Each structure stands twice: as C-alpha cells, then as structure tokens.
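Alright, here's a single protein chain in two forms, structure 1 and structure 2, each given by itself as structure tokens.
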Structure 1
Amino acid sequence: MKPAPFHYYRADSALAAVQAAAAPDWNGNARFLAGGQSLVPALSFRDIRPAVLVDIMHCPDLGRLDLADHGLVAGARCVQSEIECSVASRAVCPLLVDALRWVALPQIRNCGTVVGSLAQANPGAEIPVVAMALNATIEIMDVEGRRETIDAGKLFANQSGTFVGPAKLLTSAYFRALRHNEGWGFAEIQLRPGHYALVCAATAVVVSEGRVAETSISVGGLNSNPYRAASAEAFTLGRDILTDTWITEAARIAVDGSPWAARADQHASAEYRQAMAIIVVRDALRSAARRAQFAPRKGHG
C-alpha cells in the first residue's frame, strides 16, 4: 500500500519542528520524522494518517551523543548504529548495546534512531524495554520551547502508545551507566531474524556479598507496551546469586504480574507469548546474575 497524502516540512531546529507541528492547519495531526524505520511502514499500511510530517533529521541541536561515567545521552537524531558500534557506549551502557544488536537489520540500524523508537512505541521494539529496565529519562520540548523530563515508566504508563501529547517533541534520552557489581542481561525471541520481538526482556542485577541487592526486570512484546515487573524484582532480593532455582520462579512471577492482558496477533497467541516470556526473562536474569557475580565493574555509581 501507499501512504495517504500528507504535507512535508523540513525543520532546521528543535523549536522550529515543534512549532511547525503545532500549526493550526494540521489540527494536531502531525508526526515527527527521524529515521523513519518504524514510522514509514505505519504510513504505508495507513495505520496512521498524519496531515504533515515534520522532518527533524536536519536539526543540528538534536544530534548529540554524550558519553560519560554517569551514563549515555542520545539526541533525537542519534542513529542506533552510532551507539551499537561505539566501544565507549558498550563500556558505559552494555545493556543498550546488546539490545540494539537485536533491532531489525544493520541497514535499519544505520537509519533508525534511539529516541524515535521510544516515540513510536512499537509493541515489539527493544529500546523501550531497555529504557524501562534502566529507568531512562526522556526530555520533551513543547511549542514554547520549554523542556521537561519524564522517566520511561511514565512515558509508557498507558496500555499502548506514549504519554506524550501532540506537538511535543522527544529531544533526547538518558540511559544510566552500569554500576559497580551490576550485571546485565537481554534475551529475545523473534519470528525470524530481523523481525520485531515476539517477546523480549531486559534485566540488571546488583550483587552484594554474594546475594542479590537490587534487581530490574523489564518485559516487552507480551503487551502493547513494556512494563517493569516490580513483584518479581522484590522476590529476588537477598537471593543467593549462585542458586539458580529462584530465577525461574522470578520469571514466572514477572509474567504473571503483567499489568495488562497478553496480546495476540497473526504471529503468536497470547498463551504462546506468555510461555515464551517466562523463557526470555529467565535467560536474561541468568545472564545478569552471572555477569554480576563474575564480572564486577568499578568506577560507576
């Protein structure tokens, strides 16, 4: 199929982009175009029919990629491969880099943006799941140029889509750095290589004196939006890191505690997704626990 007719506007700054999207002519029906790797297919299938596309890929103020011990900041123009292929990015935020390698194909990652994936909130996207696991923060600009920061939990608090209203632009996202004695894990099941995740999970585990001191578990693909498995996280606290039995039980609790009903589509039933979600959470937790125990890092946090 072909997209429904739309207007096109090429912005030269973040503020110009937001103001163009807010113009009365569009009646609030505007979309921002970055890499377009999620947006363009939705346009082609006419899942969305915006009155105007505002292109932000020529806005110099949205191209930042800042790396430091405290974390990683990606501007709205920062493409996924720029982070994936960066040695410094892996040293700071290996969970994000591991997840990016599951995103579609290299050609897609050369165009698709990190922030764009957060904005599109595709049910099978990997980056929102990592954002939830690391409690990432997202900066948003309104038509007056005011900026606010919200965390990923609020961004994806709805059953589907994002918390962000029309004529607001996600300008950057911050992912915290891996901390001392913290391990990470990412696991996914795809229908085929390069396809969206049927289910995926991102985890982080902090170890103190051989026991779990802190855990983060985020599940994606099971519902229309990712979620943090708070009950499963609480269950893991104080567990012996060398004992594997608690991991399978934590995975079951994480899936049973989903805030919304499991989704079904042409690729998988709700029951299949639930069964596979337990497997990916288990595998991601196992990786995180192993890394926390045997590969502690120093210098963060």
Structure 2
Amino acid sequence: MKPAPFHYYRADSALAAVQAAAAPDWNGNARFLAGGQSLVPALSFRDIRPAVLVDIMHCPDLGRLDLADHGLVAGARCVQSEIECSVASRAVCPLLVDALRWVALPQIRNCGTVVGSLAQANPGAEIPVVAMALNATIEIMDVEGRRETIDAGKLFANQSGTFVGPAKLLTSAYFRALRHNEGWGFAEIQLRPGHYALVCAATAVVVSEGRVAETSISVGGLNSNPYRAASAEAFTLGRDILTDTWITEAARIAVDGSPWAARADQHASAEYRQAMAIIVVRDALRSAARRAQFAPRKGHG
C-alpha cells in the first residue's frame, strides 16, 4: 500500500522541529521523521496517518555521536551503524555495540537512529533493553525549548510504549561507560536474522575481590517493554565469580519476577517466551560473569 497524503516539513533546528510538530494546523497529529525505518513501513501499511512529518535529520543542533571516558551520547541524528562500527564506542560501551549487531540488518542500521528506536519502543527492540541495563538517560525537549532529562526506567515505566507523547522530541541518549572491573553480556533468540527479538537480555556484572559486587539484568521481548530484574540482581550479590552454579537460578528469578504477564503473538506463545527468556538471561549473565572474571579491562572508571 501507499501512505495516505501528508505534509512534509524539513526542520533546521530542534526547537523549530518541536514547534512545527505542535502547530495548530496538525491537530496534534504530527510525527518526527528520523531514519524512517519504522515510520515509513507504518505509513505504508496505513497503521498511522499523520498530517505532517517533521524531518529532524537536518538539524545541526541534534548531534550525532559524542564519546567520552564516562560514556557516550547519541544525538537524535546518530544512526545505529555509527556506534556499531566505531572502535572507540566499543571501548567505552561494548554492551551497546554487541546489542546493535542484533538490530535488523546492516542497511537498516545505516539509516535507523539509536534515539528513534527508544522513541519507537518496539517490544522486540534491543536498544531499549541496553538502555534499561545501563540506566541510560534521555534528554527531551518540549515546545518551549525546555530540556528535561529522564532515565530509561521512567521512559519505559508503562506496560507498553513510552510516556513521551508525539509532541515531545527526544534530543539525545546517554549510555554510561562500563567500568574497568565490569563484564557485560547480551543474548537473544530471534526467528531469523534481521528479525526483532523474541526475547533478549542485557547484563552487566561488577566484580570485587572475586565476588559479584553489582549486577544489572534487563529483559526484553517478554513483555511490551523491557524491565530490570531487581530481585535477580539482589540474588547475585556476593556470589563467587569463579563458579556459575548461581546463574541459572538468577535467570529463573529474573523471569519469574517480570512485572507484567508474558506476551503472546503470532511468533511465540507466552509459555515459550518465558522458557526462552530464562535461557537468554542465563547466557547473558554467564558472558558478563566470565568477562568480569578477566577484569580489569583497560580503560574506564
């Protein structure tokens, strides 16, 4: 199918974009156009019929990629492959780079943005899961040009989607660097390469004197939004990093502790997703623990 007719506005600044989207002519029915990789198919299927698309990819003040020792900032124009292919990004935030390799296909990652994926909040998307694991923070601009920073936990606090309405622009996302004594892991089950995750997990484990000192476990695909498995994280504390007997039990607790009922769709039943979620959490946690075991890494924190 072809999209329903719409107006197109090419914004030259972040504020111009937010104000154009909020103009009364559109009756609240405006959408920001970033990489278009989710938006254009939705238009073509006529799932959505916005009155106007506000193109944000030509706004010089919506940055691309900023790297620092403490982390990386993906501006709203930063495409996924920019981080995936950067050696420096891997040194700072290898968990995000590992997850990006699971996102769609290289051609899509060349156009799709990191921030657009957070805004889209697809249930099987990988980037929101990493954002949850690393407590990423997201900057949002309103129609007055005011900027607010919220953390990923708040962005994905609802059972599905984000609480940010289409009138607010996500201007950037900050992902912290992994620390020198921190290992990471990402695992996923998908129907075939290039598909969204049926289930996936992002984990990080900090080791101190041979024991687990801190753990992050984020689970995606099981529900409409990713969640942090707080009970499982607590269960791992103080565990011996050289053994992995606690890992399977932690994975079970992580999935049992889901805040929402598991979802079912044409690809998988809720029971199948739950069983597979235990496996991906276990695998991601094992990778993180192994990497932590061989810490310290050169570099950060």
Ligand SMILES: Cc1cc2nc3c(=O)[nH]c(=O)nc-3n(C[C@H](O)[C@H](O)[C@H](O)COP(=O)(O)OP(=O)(O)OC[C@H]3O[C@@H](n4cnc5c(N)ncnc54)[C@H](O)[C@@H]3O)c2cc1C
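Take the two forms, find the largest set of C-alpha atoms that superpose within 1.5 Å, and that set is the rigid core. Residues are numbered by position in structure 1's sequence, first residue being 1. None of these values were measured; they are calculated from a predicted model.
Of the two forms shown, the form predicted in complex with the ligand is structure 2.
On the core-superposed pair, the CA position of Phe6 changes by 2.5 Å between structures 1 and 2.
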